[in-house]
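To begin, one chain is listed below as structure tokens, in the form predicted on its own.
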């Protein structure tokens, strides 16, 4: 019977949760790197034993950790993320120029085919690649060198490149999302990039339909339909069917279309999940009731999922990288909260149960399905 490994990054360390295919009982390993911010931990699709983790503190800076044995032992890798050429400036909140500077790695995305190749999305927004298992890093500077770069500005959490999606059918195509700049696509393995924000509308921008400047919170894709992407932005849930050339809103009957996380069912490319929260100033569920919403129609209609979730006095948030699905026959869905709970559903969202609680604030949740 297959196993599931859930990789959890928190404010004070990383945790690895493992269960069999029934997903009823869980073994908990951790905290790994106790006391450190673990912004993201993710496994290689090409090698189930290879894990990468982003470890950071204000005292000691940024370190990439690598495991070759599923998280039992770890080895520090390279931490030199140097912007290529002259950094230049980007736009600050009030429109004044601000120098580019490296602060942390928000997201790690291992190659689909090579365990030694991994991408890193960083703050200030840039994309890096390592081809030697994380020891050395090179910037894919065509992104930051796009003519719109000086107009990028930080969202509330910083100017972070937080989403990296690799097209399984086209190794030269990569999608990224930046807060607050928008979504971008390359079709030549990172040499050149184009903004893919047509159809987005952001009322806080001087030009609401501008080419760049939109605060995209997260993007998700089903590997069987790499041209179809789903987006949770700063207000609005969006969909594209043409690889980002144009977007349309699919918020439908959601009670609120503000949130951070969005993900797709492993076997049903039209089934998507979001966790709505009240507003951009009140980052907690409506009426204190934690809910996941599921659409089986690609966003046209949404249903409330509540069985097993808190019914009152719940004021947690679910951050952008803190939701994931597994690939077992009956798809499992997982999310972590700022209150330190990780909830799991072994029936595609119909019912939920906490598999661990009282962790530090959960920053990321990823899964691996193991033989």
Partner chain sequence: MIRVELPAHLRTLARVDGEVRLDVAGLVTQRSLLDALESRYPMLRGTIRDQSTGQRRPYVRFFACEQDLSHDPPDAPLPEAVATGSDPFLIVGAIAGG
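Positions refer to the first chain, counted from 1. All values reported here derive from a predicted model rather than from experimental measurement.
From this point on, the text means the form predicted in complex with the partner chain, which you will not see here.
Colleague: Out of 343, 302, 36, 52, which one falls within 4.5 Å of the partner chain in the predicted bound form, going by heavy atoms?
Modeller: Result of the distance check: 36.
Colleague: Of these, 198, 131, 80, 289, which has a heavy atom no more than 4.5 Å from the partner chain in the predicted bound form?
Modeller: Contact residue from the list: 80.
Colleague: Within 4.5 Å, heavy atoms only, one stretch in 290 to 298, 173 to 181, 120 to 128, 71 to 79 touches the partner chain in the predicted bound form. Which?
Modeller: Result of the contact check: 71 to 79.
Colleague: With a 4.5 Å heavy atom cut-off, would you call residue 338 a contact of the partner chain in the predicted bound form?
Modeller: Answer no; every heavy atom of residue 338 is more than 4.5 Å from the partner chain in the predicted bound form.
Colleague: I'd like to check something about residue 317: if you look in the predicted bound form, is any of its heavy atoms closer than or equal to 4.5 Å to a heavy atom of the partner chain?
Modeller: The answer is no: residue 317 has no heavy atom within 4.5 Å of the partner chain.
Colleague: Taking 4.5 angstroms as the cut-off for heavy atoms, does residue 65 touch the partner chain in the predicted bound form?
Modeller: Although the partner chain is absent here, residue 65 would touch it in the predicted bound form, with heavy atoms inside 4.5 Å.
Colleague: Does the partner chain get within 4.5 angstroms of any non-hydrogen atom of residue 308 in the predicted bound form?
Modeller: Flag for residue 308 set to no.
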